[in-house]
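First comes one chain, alone, set out as structure tokens in the form predicted on its own.
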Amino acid sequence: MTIAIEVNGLVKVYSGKVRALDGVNLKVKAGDVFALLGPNGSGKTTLMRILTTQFKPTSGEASIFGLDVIRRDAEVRKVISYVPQEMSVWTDISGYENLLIYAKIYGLPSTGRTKVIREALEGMGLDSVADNLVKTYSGGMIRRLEMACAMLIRPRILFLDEPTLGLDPTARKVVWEKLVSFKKEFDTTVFFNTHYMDEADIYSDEIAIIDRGRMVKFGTADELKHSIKKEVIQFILTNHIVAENVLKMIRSMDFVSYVIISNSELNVVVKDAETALPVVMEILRNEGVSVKKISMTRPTLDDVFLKYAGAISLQGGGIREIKQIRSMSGKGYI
């Protein structure tokens, strides 16, 4: 197994006061799509900008395919690309001209440069509008153009900071379809931040949750959802009456967290719905309780996020520090 990104004890302190990263440890496997989730100001962008050699950490280590991001930053930049939250293309020139500028910045040889640019545009579905001014593009098209610019060098790692922020669902889907296609073709590792839980759920191989500069949970989407250990089985009953002794029997089961009954709805919150369902059904059947319909609700990634990073801190952080954090965040530092 090749490790694409490795981080050990990474700390970043701004102005000697604001601790944006607080001892981050992280490993990302080569070829994976890795999602980093966290509240605003949790350190997501700071971590990404250290990994892309833009910021230096206060302490700790970080490497890209074994290359230290501080001591070997020039080598790191040859194997990565980065798409920031902020717009990174010029709107008063064409899509093709934007890629031409980036191709020169990246040092792509003039021989074959046009072919590489056309392939990048085609790969992002922009070949038909390549010669149009970018200011005529939709938001989704602009985001795809920015990714086409980043993909010119066919990076080993593609860093994406909120890749579909502000896009409608259709545009988000198109962007991800293009990203997945590029990843498969070139075996690129994708590291992205997002506030869209569905994107992390659908597209990522692994997920990390960061809160207040610390990694609080790692795993696949399924592993994270399973860690909640609370699923709901809903029974729609034929009548509204369930004897108290029946409810007591259900509550006494080890795998049952609690029971809620309202009119004809009986909701049983359990650790594992598949294990609990036949047992609860047997109790209801034996006690003559008729059931019309059964449904199960499993935890979502939103539930996971709220559990591990959803709390609002009421400790520390006076007005001065809050203003400083907001200032840093506004400049893209956090």
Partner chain sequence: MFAMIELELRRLKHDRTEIYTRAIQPILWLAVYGTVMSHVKAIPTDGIPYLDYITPGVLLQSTIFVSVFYGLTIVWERETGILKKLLVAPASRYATVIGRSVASGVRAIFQVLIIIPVALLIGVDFIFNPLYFLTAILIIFLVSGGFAAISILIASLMKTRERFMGIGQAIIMPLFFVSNSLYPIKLMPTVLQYFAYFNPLTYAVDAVRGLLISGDIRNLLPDIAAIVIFDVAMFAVASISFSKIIE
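Residue numbers count along the first chain shown, from 1. Only a predicted model underlies this, so the values are computations on that prediction, with no experimental measurement involved.
What comes next is about the form predicted in complex with its partner chain, which does not appear here.
Trainee: Tell me, please, which stretch of 245-253, 231-239, 195-203, 103-111 lies within 4.5 angstroms of its partner chain in the predicted bound form when heavy atoms are compared?
Mentor: Contact-bearing stretch, as computed: 103-111.
Trainee: Does its partner chain come within 4.5 Å of a heavy atom in each of Glu122, Arg156 and Glu162 in the predicted bound form?
Mentor: Spot residues vs its partner chain: no contact at all.
Trainee: Taking heavy atoms and a 4.5 Å cut-off, does Thr52 contact its partner chain in the predicted bound form?
Mentor: Result yes; Thr52 sits at the interface with its partner chain in the predicted bound form.
Trainee: Just checking whether Phe186 would be counted as a contact of its partner chain in the predicted bound form - the rule being heavy atoms within 4.5 angstroms.
Mentor: Outside the cut-off, so no.
Trainee: In the predicted bound form, does Leu133 have a heavy atom within 4.5 Å of its partner chain?
Mentor: The answer is yes: Leu133 has a heavy atom within 4.5 Å of its partner chain.
Trainee: Given that the partner is absent here, does Lys173 sit within 4.5 Å of its partner chain in the predicted bound form, heavy atoms only?
Mentor: Heavy-atom contact with its partner chain at 4.5 Å: absent for Lys173.
Trainee: Of 76-98, which residues get within 4.5 Å of its partner chain in the predicted bound form if you count heavy atoms?
Mentor: Stretch hits, in order: Arg77, Lys78, Ile80, Tyr82, Pro84, Glu86, Met87, Ser88, Val89, Trp90, Asp92, Ile93, Ser94, Glu97.
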